[in-house]
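In the form predicted on its own, a lone chain appears below as C-alpha cells.
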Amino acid sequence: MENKIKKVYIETLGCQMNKSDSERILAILSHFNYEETLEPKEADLLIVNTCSIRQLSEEKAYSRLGVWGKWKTQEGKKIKIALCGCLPQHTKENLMARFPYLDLAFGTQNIYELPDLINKEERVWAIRNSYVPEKDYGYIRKKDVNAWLPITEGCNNFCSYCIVPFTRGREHSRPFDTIIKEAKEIVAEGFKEITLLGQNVDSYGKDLEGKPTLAALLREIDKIEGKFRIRFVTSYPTDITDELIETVANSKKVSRYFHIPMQSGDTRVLKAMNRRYTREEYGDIVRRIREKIPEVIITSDFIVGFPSETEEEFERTLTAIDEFGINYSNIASYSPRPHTKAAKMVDEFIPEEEKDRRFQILNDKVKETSLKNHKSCVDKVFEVLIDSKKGDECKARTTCNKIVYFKSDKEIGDFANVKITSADTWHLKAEEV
C-alpha cells in the first residue's frame, strides 16, 4: 500500500452547501493519504467544486479548468483534475470531450464513492441520481467561529427558474441522531456558531420515519451545554410552521433571524415562478413571526427581470420590502438555466439593459432599507460574536447577523457586549460596554 502523502487543492464556488461539501471531501480524502494545500501548484489532485445557479458561476468553473489544463498539457505537471458539485450533475458527458485533461467528474449525490473513483486509472464520469449512503469520514472544517452542518439536501419544489432539483435531487434528510452527534462534536471542537444548512431547511424530516421536524432538531441542539449560537438557512415561506416560530422564540441559543426568500412582490409573477404562496400569504407569515419575536430580523431574496415581469409588477417588489419590513435582501437578475420551465419562455425574456436598470433600482432600495434599519440600532446594546480581528479592531456579528466594528482586547471567538455609536449601509460601529 502506498503511504506517500499527496496534496489536494479544492476551489469552491457557490453556496454554503458547496463549502460544506468541500469540507466533507477533504475529510474523506484525509483517510486515503491526502492533505489539503492552499497552493494549487503544489497539488497532486485539483478539484473545482461547482455551482450552477447562474451561468456566470459555470463560466468561472470552466475558466479554472482551462488554467489547470495548461499546467497539465503544456507544463507537463503530473496532476489529476476533477470536477464536482452541481455542474456535472446536470450536464452531459461531452464535458469530458470538451476538456480532454479532465480526469474525473462526480456529482452531488455520490461524494462517498470518491475513494474508489480517484484510484481509477481511466477517466471517469460518475454521476448518480440517487444518494450514496453516508459513511462516517467526518468533516475537516475551516477553523472559524462558525461551522456548517447540513441537515437536508435537495428540493421538491421545482420553481420554474431554479436548477437545484436537477443538481441536488429530491429532498433528502440526514438522520436526526447523526445531526445531534455532529452538533456536539462541533461544540466540543470550539466553534461558537452552528449553521444548519438545507435548500429548504424547514422541510427537514418529512422523508424520515417518525417525521422529526426542524423545530425538534433546534430544541435538541439548544440543550447542548456551552455558549454558542444556532442559525438555520434557507427557509421556504410556507414550510415555516407555528411550532418552528415558537421554538425560535423560546430558545436560548437560536438566533432571532429568518432568511425567507420571497423572489417577487407580485402574486402573478410568483405563480409564474411556481412559488406556492401569494404576496398576501408571504406577508401573513412575516407578521406571525414578528408577533411572537418582535426583535426578529427577516431577510429575503429577490429576482429582477423574470420573464414577462412588467414594470408595475417589478414595482410591487419594491413596495413589498417596505410593507413587510424586510431588513435586507440578496438580489439577482434572472438567468435562464437548463431544464427549467422559465428558460423556455424565450418570447417573454426581459432585455438585458432593462434587467440591469431594474437591478440598480432594487439595489438602491436595499441599500436605503439597510441604512434605515441600521440607524434604528444606534444607542442600543447588543451581544456580538467576534469573527475576525486586526490589531484591536474587531469585526463581529449580532445574533441577528448585523456586522459590527469596535475596539477591544478580546479575541476571535469571544462574545462581547457593545453599544452602537453609528450606522453605515452595511455595518455598525460600536464601543464595548
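Bear in mind that the values here come from a model prediction, so they are computed numbers and not experimental data. Don't overthink the numbering: it's just position in the shown sequence, from 1.
Beyond the structure shown, there is the form predicted in complex with ligand SAH, which is absent from this document and is the topic of what follows.
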Of 234, 91, 251, 146, which one comes within 4.5 Å of ligand SAH in the predicted bound form, counting heavy atoms only? 234
Since exactly one of 350, 332, 244, 118 fits, which has a heavy atom within 4.5 Å of ligand SAH in the predicted bound form? 332
Counting any heavy atom within 4.5 Å as contact, can you tell me which stretch out of 180-188, 157-165, 285-293, 118-126 lines ligand SAH in the predicted bound form? 157-165
Consider residue 301 of the chain shown here, and say whether it contacts ligand SAH in the predicted bound form, taking contact as heavy atoms within 4.5 Å. yes
Even though the partner isn't displayed, in the predicted bound form is residue 263 close enough to ligand SAH, meaning a heavy atom within 4.5 Å? yes
Residue-level contact is defined here as any heavy atom of the residue lying within 4.5 Å of ligand SAH in the predicted bound form; does residue 54 satisfy this criterion? yes
Classify residue 337 as contacting or not contacting ligand SAH in the predicted bound form by the rule of any non-hydrogen atom within 4.5 angstroms, answering yes or no. yes
Relative to ligand SAH in the predicted bound form, which residues of 191-228 have a heavy atom no more than 4.5 Å away? 199
